[in-house]
Ligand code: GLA
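We begin with a single chain expressed as structure tokens, specifically the form predicted alone.
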Amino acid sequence: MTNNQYPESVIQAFRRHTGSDPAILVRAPGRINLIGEHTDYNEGFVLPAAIDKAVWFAVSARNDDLLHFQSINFQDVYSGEIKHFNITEKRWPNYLLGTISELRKDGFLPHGINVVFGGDIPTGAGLSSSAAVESGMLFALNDLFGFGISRPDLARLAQRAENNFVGMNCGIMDMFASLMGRADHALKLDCRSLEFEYFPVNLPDHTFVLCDSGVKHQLVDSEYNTRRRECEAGVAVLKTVFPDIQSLRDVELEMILSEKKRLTEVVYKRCLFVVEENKRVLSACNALKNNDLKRFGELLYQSHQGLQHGYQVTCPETDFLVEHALSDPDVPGARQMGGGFGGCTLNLVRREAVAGFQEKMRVLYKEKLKRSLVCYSVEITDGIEKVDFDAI
């Protein structure tokens, strides 16, 4: 299905499921992160953007305390009670249940609800389908019940849902990007203060192409949390010498170099990457402001090198894809995107060369790695929005 087909399919499924029209239809986009990987949970800077792949929600309130969810993508249903539910083995309902759990902790008490949702954000590709589900659900409930929660606070709630209920110790970037995205702009987010600034992404002659390695994030849950602990271990050591630092956000390159001998080799690599990646985000913002795509592309390649050798979260498949992008004059920049160990590479490609680039990469991937490669272009869009379903 294409993104344009999903709203209609979600609405029709809702009508079949409930016998009535939804009260609200919500579009919750996925995101790309232009640069700034693994900096979010280190209170650093990131540069995401919402994209034209999304999850669509059809939602209505019930007159009781029952929960009825239907997932189009999983072709599955869930039923429960809003006051008494637990983590389910099905997994997909947990992303919705977690949002309700966190709302209730803050004193917001939604009634029972009917929810049908589905979309075209590829799972396991690093485009944050889970964050779109959590953020979209919260946006819909906030509108439906008139809670009056701000978008930044909805992002915080969505992060808590994933941290506390789903059990993934992620940062806030994905949720914030889905809720706060702006068409044709990247969002520089300070993950400590949640201050943000938009930077124009002017791409009349270029576009972003995602190459999905097909490698799912088998290691990402455990390794993601391991990387976080390694960063925290580095901060603990550095803090004994530089007591004012709170996170790697506060660390300068000279600090790490001066205390290198006190850090294990692995912790040193992790900390060095995060500090350098933060600086790359700021440099990328300047490059976008100056419409300097050459410099911007160079920073993407540098980021991948750091992810490969410093943070060690790439895989042979994504390394292969970036290596062959690097040798292509029509690709100013490329890097692995997302938590790591698979997923997509993000490629900045000349528009007139997109078809040739995609075909070349598919052929090379099949020949060398014996795997099929899915490629698609994405455009930068607005964040979560309520849509008039009568106009669909």
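So that there is no doubt, residue numbering starts at 1 and follows the sequence shown. Predicted model, so just to flag it, every value in this text is computed and none were measured.
Separately, the form predicted in complex with the named molecule exists; it is not shown, and the next lines address it.
The shortest heavy atom separation between G118 and the named molecule in the predicted bound form exceeds 4.5 Å.
Contact annotation for Y365: none of its heavy atoms lies within 4.5 Å of the named molecule in the predicted bound form.
In the predicted bound form, the named molecule stays beyond 4.5 Å of every heavy atom belonging to L321.
The named molecule is not shown here, but in the predicted bound form it comes within 4.5 Å of a heavy atom of Y41. Annotation: in the predicted bound form, residues C170, M173 and Y224 each come within 4.5 Å of the named molecule through at least one heavy atom. Checking G30, G36, G343, G333 against the named molecule in the predicted bound form, a heavy atom within 4.5 Å turns up for just one residue: G36. For the named molecule in the predicted bound form, the listed stretch (57-65, 22-30, 347-355, 334-342) containing residues with heavy atoms inside 4.5 Å is 334-342.
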